[in-house]
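Only one chain is shown below, in structure tokens, and it's the form predicted on its own.
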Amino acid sequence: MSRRGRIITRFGAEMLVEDEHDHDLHRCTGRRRAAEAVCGDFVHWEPTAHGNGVVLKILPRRNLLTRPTPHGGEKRIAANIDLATVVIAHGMKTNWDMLDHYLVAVHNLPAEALILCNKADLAASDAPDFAATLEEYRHIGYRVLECSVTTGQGMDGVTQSFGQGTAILLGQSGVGKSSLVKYLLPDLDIRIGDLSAHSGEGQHTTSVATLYHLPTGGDLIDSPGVRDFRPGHLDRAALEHGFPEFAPYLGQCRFNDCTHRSEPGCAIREAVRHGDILERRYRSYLRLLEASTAL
């Protein structure tokens, strides 16, 4: 008889399923299309005679975060996300384009977006324009939190933000996601050891998306750091949706199929010219449009 569970992590063709009723972990493989299950998926599964289990069906997803692969495919990262937290950090060079790419992906999940600026204790070493750029995101309407696991600054707000639903940590390598996870999960080593014991894969959880239950409530998916990120194929309307500051001007262009590149009578480019849309964000949109068209 099938049971309901949730994918906690997957490693190759196998995955760990947490049973909904007893919360035990079970090592499983996926049957047919269920083999595409990812961290965060709710599934139906059943035990097998040899001790492991089999995932029978992926239950309807609220959303699915993916990214393109170098060979034109698609890598599934995690599913059923309520809060997508993009982590940047004081005291290091920030890839603002990559932040924009993540935010566009989050808007199209859809999920709530949070920009979490870590290492606030290093703010004195920021580039001169860092604080101004961060303020630009606040002005657009994004929620921005600043924190430090070293001093504890802002960590109460972080814990509160993660207190319900499923949050995921995203961001480039070096922004301190591992330190954040250790702060939020004081018994992290015990949990990793438990996951590894069930999977037989050693410390695999450092390189794959893994879901943890936070002691203060809510679930947290820790995803591996990346050097770059780009959303998968999105049409023009989806890209426009990913830039919320475009919203007041959409539908006002002279041509209904305006791409906002060079068409006459473009309301978006006019807003850029008047300073109502940031030139940097507009250029970010154009680069994503060109990349999406090339896919």
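Computed from a predicted structure; not experimentally measured. So that there is no doubt, residue numbering starts at 1 and follows the sequence shown.
The next section is about a form of this same protein that is not shown, the form predicted in complex with a small molecule.
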Which of these residues, 95, 161, 179, 133, gets a heavy atom within 4.5 Å of the small molecule in the model of the complex? 179
Sort through 210, 85, 118, 80 and report the residue having a heavy atom within 4.5 Å of the small molecule in the model of the complex. 118
Mind telling me which stretch in 137 to 145, 69 to 77, 105 to 113, 171 to 179 gets its heavy atoms within 4.5 Å of the small molecule in the model of the complex? 171 to 179
Should residue 167 be counted as a contact of the small molecule in the model of the complex, where contact means heavy atoms within 4.5 Å? no
Is residue 185 part of the interface with the small molecule in the model of the complex - any heavy atom within 4.5 Å? no
With a 4.5 Å heavy atom cut-off, would you call residue 149 a contact of the small molecule in the model of the complex? yes
4.5 Å heavy atom contact, residue 154 and the small molecule in the model of the complex: no
